[in-house]
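Given next, in structure tokens, is a single chain: the form predicted alone.
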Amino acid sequence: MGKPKHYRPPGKKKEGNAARYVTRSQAIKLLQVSLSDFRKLCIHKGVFPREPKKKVKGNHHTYYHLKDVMYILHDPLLEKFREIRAYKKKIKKAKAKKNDELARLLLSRAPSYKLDMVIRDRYPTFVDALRDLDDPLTMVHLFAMLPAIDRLKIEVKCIHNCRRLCHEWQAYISRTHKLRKVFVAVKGIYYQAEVEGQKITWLAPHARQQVLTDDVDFNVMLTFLEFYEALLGFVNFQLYHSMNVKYPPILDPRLEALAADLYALSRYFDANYKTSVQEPQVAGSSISEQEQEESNLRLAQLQRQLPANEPGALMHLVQDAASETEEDEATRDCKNLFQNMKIFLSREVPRESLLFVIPAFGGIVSWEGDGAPFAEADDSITHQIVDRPTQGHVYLSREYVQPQWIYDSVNARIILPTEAYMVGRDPPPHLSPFVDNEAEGYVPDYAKTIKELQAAAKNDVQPFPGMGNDVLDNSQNMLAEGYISRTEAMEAAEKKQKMMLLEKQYHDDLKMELQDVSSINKQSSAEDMESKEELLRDVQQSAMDSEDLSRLMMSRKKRGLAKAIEMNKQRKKDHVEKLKERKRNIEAAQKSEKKHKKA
């Protein structure tokens, strides 16, 4: 009897999945590190478990590709981790011998590691880093809102560093008007920006007390955060240098302490712009002022305090950078949305979010408190954002609106009418800009209203006095598409009205003629209808038969895929029907409420 086909003598090398994949315990043994260090290395190097088709050691193991493990094995970071582990043993030995002085000395000289080379390795180009920035931004914004807890190893230094990075990122986005979409949800506030052609979406939690649960492994999250902080620092550095602005920014500690980062970063950018772009002047007075400014900046650097909760001045930059590239159409639209508007924020509104959003769309903003650019009593304020039903003192020269008006105007890219957002009223539904209503199959009423307002704002079309919107529908659509001018639109509306009158007269005459002939043709029409119905039934039956036949000819995989597509379509249809039913119920409830009020 001959040898089996796949026989291999004992001791020979493996093949297939057994050779390509190793379990986690085998990987740790190969790298000679602890489990915690192995987790850190995997997170920093971007190595994740794999799912082989055939699990050689069983289903209860975690598998890694051997190439990924060898990728970690030849990394300098592994050697650094081993060095730190050996150094910790020295400190532990000194403490065990009660040699406190040596332990203190060893702690002060403890080795540390940097992730610079890892980031350069994982992201060869800057666009690669931007493409992978969604999760880092979300994580850093989350930890910027968390409290510092020693039990979970969440340090104060870590929280403040996250807050600083968030503010610096928001400063660049706001300054360059790169913000595109904002949506306020239960989880937090979703933002989307477009930087160098890459759409970056992140979630910032609401500014309230966060409750930490025990079912989250914060050690793993802190390891991810360590990498994300380094990555975001590199990205901010590159973005600031693209504007000829030094990084990191040096802020005035007095303004930081007052949570007035708005003025602090404005001054910093202004000083940097003058020193980097403008030529130094010859006059002695100007030179002394420049030296004074530089000494102030050095003093601010030495006395720098921890950043405050507000993003503040990271939101507004005064001077235009000389190296700024040409703005595209979307950036110009965003830049001019809130132009010539002075907006004041009351105490109860989400100040941190609005301080970021309003300057990003060209508005001037202030708030209630020390260090604010202008006070509430300023006569030039055009809008005040409030979120309470009554106001102590009302200024007649400004409009009082709810915060949702800002977000809806930003998403629509037009200044929406403020009547629906007045104080004390229920605002319209806050529609998500991330949902494609046409693709979903259901377009909300307010979305249709916004489309009409956008078309009207784009072409400056106003309803004519004494005429309804129905008369203008066709001409307005043509005008929105840029086919005709405004005078031609008026002519088209008049022509349409005449045509409607002639059409009505023609239909009346036709009806009179048909009444005479209808008695003669009743019998023949009934027979025609029956024959048409039979033909339609035959067509439907043949279509169903051909569909069944084509399905029988499919392979099992394609048949399952077709079934999944049908189920998805049905699910979407059910969801749309549910939304329509909910709308009908709301309308019925509103009608009954009005009847009760009248009664």
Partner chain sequence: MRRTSPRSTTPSLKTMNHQESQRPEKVNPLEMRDLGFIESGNNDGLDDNHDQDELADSSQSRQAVDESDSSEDEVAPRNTIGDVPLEWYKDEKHIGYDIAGKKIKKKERQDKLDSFLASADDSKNWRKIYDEYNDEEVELTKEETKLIRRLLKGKAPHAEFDPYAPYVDWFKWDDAKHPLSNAPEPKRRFIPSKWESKKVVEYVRAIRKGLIKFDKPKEEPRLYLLWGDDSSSADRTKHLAYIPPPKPKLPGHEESYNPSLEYLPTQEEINTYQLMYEEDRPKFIPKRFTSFRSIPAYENAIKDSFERCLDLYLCPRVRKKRINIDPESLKPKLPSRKDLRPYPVTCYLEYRGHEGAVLSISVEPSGQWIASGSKDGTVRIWEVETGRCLRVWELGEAVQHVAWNPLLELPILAVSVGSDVLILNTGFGNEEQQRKAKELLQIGTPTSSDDSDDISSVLSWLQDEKHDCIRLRHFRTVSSIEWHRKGDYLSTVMPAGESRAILIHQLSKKLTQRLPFKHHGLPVSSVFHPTRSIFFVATKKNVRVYDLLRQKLIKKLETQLREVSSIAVHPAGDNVIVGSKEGKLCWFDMDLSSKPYKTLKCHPKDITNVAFHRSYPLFASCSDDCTAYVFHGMVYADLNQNPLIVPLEILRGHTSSDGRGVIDCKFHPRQPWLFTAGADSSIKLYCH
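Computed from a predicted structure; not experimentally measured. Numbering follows the first chain given and starts at 1. Rigid core here is just the name for the largest C-alpha set that superposes within 1.5 Å across the two forms.
The same protein also exists as the form predicted together with the partner chain; that form is not shown, yet it is the one meant from here on.
At the 4.5 Å threshold, heavy atoms of L579 reach the partner chain in the predicted bound form. Taking the partner from the other structure, the partner chain in the predicted bound form has no heavy atom within 4.5 Å of any heavy atom of A86.
Interface membership of N437, defined by any non-hydrogen atom within 4.5 Å of the partner chain in the predicted bound form, is confirmed.
Contact annotation for K67: at least one heavy atom lies within 4.5 Å of the partner chain in the predicted bound form. Checked against the partner chain in the predicted bound form, the residues R131, K93, R332, K246 give one hit for a heavy atom within 4.5 Å, which is R131. Proximity to the partner chain in the predicted bound form, taken as a non-hydrogen atom within 4.5 angstroms, holds for one residue of V401, I173, C166, V235, which is V235. Annotation: in the predicted bound form, residues G369, P373 and K594 none come within 4.5 Å of the partner chain through any heavy atom.
Exactly one of the stretches 77 to 85, 374 to 382, 393 to 401, 217 to 225 approaches the partner chain in the predicted bound form with heavy atoms within 4.5 Å, and it is 217 to 225. Residues of 173 to 188 lying near the partner chain in the predicted bound form, listed in sequence order, are F183, V184, A185, V186, K187, the criterion being any heavy atom within 4.5 Å.
After superposition on the rigid core, the Cα atom of R39 is displaced by less than 2 Å between the shown form and the other one.
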